[in-house]
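One chain is shown next in structure tokens, namely the form predicted on its own.
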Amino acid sequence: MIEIEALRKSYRKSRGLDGFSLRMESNELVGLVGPNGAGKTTLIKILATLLPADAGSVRVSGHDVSLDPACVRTTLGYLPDVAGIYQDMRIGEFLEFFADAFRLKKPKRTAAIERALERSGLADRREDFVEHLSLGWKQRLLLAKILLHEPKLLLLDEPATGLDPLARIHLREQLKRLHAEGVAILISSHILSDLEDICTRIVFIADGKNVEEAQTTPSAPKDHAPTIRCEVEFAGASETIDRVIAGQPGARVLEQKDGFLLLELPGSSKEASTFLQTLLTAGITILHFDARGPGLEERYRRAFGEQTR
């Protein structure tokens, strides 16, 4: 779906992208995460064919964005961080206007507009003026607009900025539905909890470059090795489970009470699976076992430390 190799883009006195690479499949919902000025908006604008790259290659759905931008545009929907919107139009007129811009012909155009109204929850408000919508409803309308031509890829740059909690919930739910329907999504956002809820993968970027998740600075604490948390519900006395924990190098008990254990282990899912097998071999009855890596906020801290812009 997206193939980016060694992408570079410079402005007068700064470098927006400095060798960034990314491969994204058609079944993914990828979050693009990084500090302010990391190159996220530059990257999305290049993918949307709105900004030329200085070097590197970019392909979307098999098409080179610099050589075949018209074909690329037919496959994607782009929502910028600050989207223009015609306030003096009625909602139905607004969608009609952009259906024409996408060159949709009747009856496909009519069907696309009706579908957009239903998707956004604005079917009963088509005669209302856009200026009367709240920010959350305007964002719904903008998302409906970029879906009119049924794109297979969405590029979303900070779509949740300024939205209230309910509007953010609706946005997350809609993006989940679209992904389930087969739409690939690349989304940039500083709201890490939202990305953690919906994304299949997170890509880190800083100074226009890829940032590996395990990367640490020389001054970073040495305990930044990968860890995984295991939540265990068990039946029976806790003495046996205590003995198992004692035999796990580097294990750290975060919470323990009757029938419940929250433990942090060095390693990843492989080590969690080994730990579970050890518990079962010791004869412990496991009622529930859940192993998770660090949350996105922790992963962000590990990737960028105290970096701010």
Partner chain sequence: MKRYVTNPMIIKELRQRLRERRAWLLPTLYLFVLSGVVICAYYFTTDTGHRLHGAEVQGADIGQAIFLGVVFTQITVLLLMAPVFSSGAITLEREQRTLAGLLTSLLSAPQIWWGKFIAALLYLLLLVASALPLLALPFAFGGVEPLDMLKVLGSTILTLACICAIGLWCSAVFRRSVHATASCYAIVLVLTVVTAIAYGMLYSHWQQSHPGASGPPAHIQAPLFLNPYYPLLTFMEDNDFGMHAYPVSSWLLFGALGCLAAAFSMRSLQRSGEQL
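Residue numbers count along the first chain shown, from 1. Since we're looking at a predicted model, the values are computed, not measured.
One more form of this protein, predicted together with the partner chain, exists but is not displayed; see below.
**Q** So if I measure heavy atom distances to the partner chain in the model of the complex, which of the stretches 178 to 186, 93 to 101, 228 to 236, 199 to 207 falls within 4.5 Å?
**A** Contact-bearing stretch, as computed: 93 to 101.
**Q** Would the partner chain be touched by all three of 126, 138 and 167 in the model of the complex, meaning a heavy atom each within 4.5 Å?
**A** The answer is no; none of 126, 138 and 167 reaches the partner chain.
**Q** Heavy atom within 4.5 Å of the partner chain in the model of the complex: which of 251, 276, 262, 50?
**A** Contact check passes for 50.
**Q** Looking at 88, 118, 173, 212, which is the one with a non-hydrogen atom within 4.5 Å of the partner chain in the model of the complex?
**A** Only one option qualifies, and that one is 88.
**Q** Any of the heavy atoms of residue 83 lying within 4.5 Å of the partner chain in the model of the complex?
**A** So residue 83 counts as contacting the partner chain.
**Q** For residue 74, is any heavy atom within 4.5 Å of the partner chain in the model of the complex, or not?
**A** The answer is yes: residue 74 has a heavy atom within 4.5 Å of the partner chain.
**Q** May I ask you to check whether residue 59 falls inside a 4.5 Å heavy atom distance of the partner chain in the model of the complex?
**A** Heavy-atom contact with the partner chain at 4.5 Å: absent for residue 59.
**Q** Using the partner position in the model of the complex, report whether residue 55 sits within 4.5 Å of the partner chain, counting heavy atoms only.
**A** Residue 55: no contact with the partner chain in the model of the complex.
**Q** Pull the contact list for 143 to 158: residues with a heavy atom within 4.5 Å of the partner chain in the model of the complex, in sequence order.
**A** Heavy-atom contacts to the partner chain in the model of the complex: only 145.
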